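Next up is one chain by itself, shown in structure tokens, the form predicted alone.
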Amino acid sequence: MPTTPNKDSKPMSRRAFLRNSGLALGGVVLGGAFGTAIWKDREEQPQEAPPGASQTPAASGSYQDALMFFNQEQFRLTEAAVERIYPEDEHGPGAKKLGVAYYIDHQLAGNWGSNTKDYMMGPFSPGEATQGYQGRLTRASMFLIGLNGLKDYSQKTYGKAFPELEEAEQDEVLKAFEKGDKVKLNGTDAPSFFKNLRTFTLEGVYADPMYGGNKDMQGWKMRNYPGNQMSYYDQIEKDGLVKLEPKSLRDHMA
């Protein structure tokens, strides 16, 4: 017969139960000394990151600093290119510190990059200058073609990867893409890629930080832009220019 619990005994905690009866792991119960040894080892051994590993987004303070589309090489290439379009100077940080490459990565990973809301069925005909691109490629595919072209042109012209070039050399490569007469891409053209790269860069500098760029709202702060204020009720009747600390959309989330 089962024994009656002592009314003065304390209820067993979940941790104590697992220690005594086994450790459920992946649908398999590991009991006895083996399960207890694993539990004890997990408690006592510090969980250290492997050598050379970067901080996790949680440790660095931003969950936006995570790649969703690019591989590491594509990300470094994009980061180097946008920094030349919006470089750091005496007025404030450049595109790299503002997280612009993350903004581009997130946009290309989403519906916008895959042209989800666009009509993408044939027939395909060259569009007028006012119509923009009319082909079958998605924005994400076109951007990757441009990055590969940037990589190949840099290697062919200077014998080095684009991020390894001197700033003046990087500028010359980007100018060649902007002009387009020396660069040929398969599926799109170099000026279109450069135009998109420049547009994405400015968007990443000034868009709301919740989309991945404009880190710590520094892009807005350089412009004294108030961001997404819910109301100007307390300022509307004040005399003179009122300077407000900018607010992001996520500042208003419950």
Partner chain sequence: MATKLPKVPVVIVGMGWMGGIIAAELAKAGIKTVGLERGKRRKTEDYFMVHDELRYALRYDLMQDLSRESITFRNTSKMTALPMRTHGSFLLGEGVGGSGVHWNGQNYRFLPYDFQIRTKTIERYGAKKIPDGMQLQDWGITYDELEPYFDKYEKMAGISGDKGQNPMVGKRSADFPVGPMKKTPGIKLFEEAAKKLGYHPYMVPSANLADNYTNPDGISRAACQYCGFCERFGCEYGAKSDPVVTVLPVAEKTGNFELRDLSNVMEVLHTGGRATGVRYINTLTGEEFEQPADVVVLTSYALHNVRLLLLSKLGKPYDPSTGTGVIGRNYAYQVNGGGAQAIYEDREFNLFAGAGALGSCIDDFNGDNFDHSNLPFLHGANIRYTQAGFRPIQTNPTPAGTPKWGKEFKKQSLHYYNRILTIGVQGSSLPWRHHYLDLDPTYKDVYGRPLLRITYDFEDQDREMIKFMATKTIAIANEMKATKTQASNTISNYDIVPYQSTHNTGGAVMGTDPGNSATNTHMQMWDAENVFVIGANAFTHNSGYNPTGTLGALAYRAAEGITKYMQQGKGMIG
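Positions refer to the first chain, counted from 1. Since this is a predicted model, take the numbers as computed values, not measurements. Heads up, when I say rigid core I mean the largest set of C-alphas that superpose within 1.5 Å between the two forms.
Keep in mind the form predicted together with the partner chain is missing from the figure; the text below concerns it.
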property	result
The partner chain contact in the predicted complex: R139, any heavy atom under 4.5 Å	yes
The partner chain contact at L144 in the predicted complex, heavy atom, 4.5 Å	no
Heavy atom of Y103 within 4.5 Å of the partner chain in the predicted complex	yes
In the predicted complex, M210 touching the partner chain (heavy atom, 4.5 Å)	yes
Segment that reaches the partner chain in the predicted complex - one of 128-136, 69-77, 180-188, 147-155, heavy atoms within 4.5 Å	128-136
R84, F194 and M222 all contacting the partner chain in the predicted complex, non-hydrogen atom within 4.5 Å	yes
Residues of stretch 228-249 in contact with the partner chain in the predicted complex (4.5 Å, non-hydrogen atom)	N228, Q229, M230, S231, Y232, Y233, Q235, I236, E237, K238, D239, G240, L241, V242, L249
Shift of Q131 between the shown form and the other one at or above 2 Å (CA, core fit)	yes
Cα distance between D208 and Q131, which in the predicted complex differs by 3 Å or more from this form, closer or farther	farther
